[in-house]
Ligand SMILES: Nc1ncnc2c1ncn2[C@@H]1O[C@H](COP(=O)(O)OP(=O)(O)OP(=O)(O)O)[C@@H](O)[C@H]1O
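Only one chain is shown below, in structure tokens, and it's the form predicted alone.
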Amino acid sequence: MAETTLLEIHDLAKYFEVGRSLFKKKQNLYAVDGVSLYVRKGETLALVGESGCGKSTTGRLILNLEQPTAGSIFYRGKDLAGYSAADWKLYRQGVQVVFQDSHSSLNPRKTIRHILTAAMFSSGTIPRNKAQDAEERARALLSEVGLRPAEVFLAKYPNELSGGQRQRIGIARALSTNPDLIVADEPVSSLDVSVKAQVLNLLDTLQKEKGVAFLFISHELSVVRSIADRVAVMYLGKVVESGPVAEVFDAKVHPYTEALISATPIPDPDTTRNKKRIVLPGGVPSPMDPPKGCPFHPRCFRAESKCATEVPPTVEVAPGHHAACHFAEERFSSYESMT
């Protein structure tokens, strides 16, 4: 592994048993099915796709909130499967999370002072016998995320804050352990446009100042294009395309990526009016009974006969740009000929 790689996952899978009873055999729900990704120091990797594609489950596996069915997760070159108690303590300091729902992720019975200092104590960042140091750190964190005066916000409860302010508290809590990677699971999806922009600007500033890396899970491609360095597109538990964000958005090697991007709103009425949107037929297949061959072939507007029977290999069409499509190289060559 490269020295700059913080986190790397190989063939990660998570299957949930469903439908088991006295008269019915169990079935597997393939939430994550053979995902391989990496995140480098100080970069933002976006994980995108429709609801139910497995992106949030991937985040939960990385955070050890779910146990993988198969595959490996490496942090700083070491497999999580061989972690000791001391290793897990360091991992929880180094890898933090910002949840989507800022309301339910903060304890309504605790003050902001308690929420922030408890994170430092439980992670071992600051010993419990140094409460004054923890409070000073909490004040500094509130100032960093733009909540001033800090003393006023320390005394407040989550229900006294707006959605944007609560999300800033979630970011401050994630930063309290001095992490080098933050898993941000739809961190701005529930916010209105103006507050969303403020929170995104905050994340960008913090990344530049602290060098923290982000795994940014989102379904909003317009947001992803503006903040991510690389992007991975998921469909039915699998990564179908990944690479530098500008190249993936422009080349659109996989048909599913092309369809997703065609549905992305553009803040220009003339461009939107003339934009051709690709409408996919049918719905996403059941993850309990995924299609044979390419998982996208039942809805693909470019599918051919072999797509229904042969699983496409993941090929590298350009440095760092991969796609799981039988015609990936052909499509990328067509894109290059037009540029």
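All values reported here derive from a predicted model rather than from experimental measurement. Heads up: residue numbers just count along the shown sequence, starting at 1.
Another form, the form predicted in complex with the ligand, is not on view; read the next lines as being about it.
Novice: Just to confirm, with a 4.5 Å cut-off on non-hydrogen atoms, which of V35, V39, C53, A46 contacts the ligand in the predicted bound form?
Specialist: Looking at the other structure, the residue within range turns out to be C53.
Novice: Considering non-hydrogen atoms and a 4.5 Å limit, which listed residue (E144, E186, E135, D229) is close to the ligand in the predicted bound form?
Specialist: Result of the distance check: E186.
Novice: Taking 4.5 angstroms as the cut-off for heavy atoms, does I62 touch the ligand in the predicted bound form?
Specialist: Taking the distances in the predicted bound form, the answer for I62 is no, it never comes within 4.5 Å of the ligand.
Novice: T69 versus the ligand, in the predicted bound form: is there a non-hydrogen atom within 4.5 Å?
Specialist: No, T69 sits far enough from the ligand in the predicted bound form that none of its heavy atoms falls within 4.5 Å.
Novice: Wondering, does I278 line up within 4.5 Å of the ligand in the predicted bound form on heavy atoms?
Specialist: No - in the predicted bound form, heavy atoms of I278 and the ligand never come within 4.5 Å of each other.
Novice: Report yes if any heavy atom of T314 sits within 4.5 Å of a heavy atom of the ligand in the predicted bound form; otherwise report no.
Specialist: Close contact is absent here: in the predicted bound form, T314 is far from the ligand, nothing within 4.5 Å, heavy atoms only.
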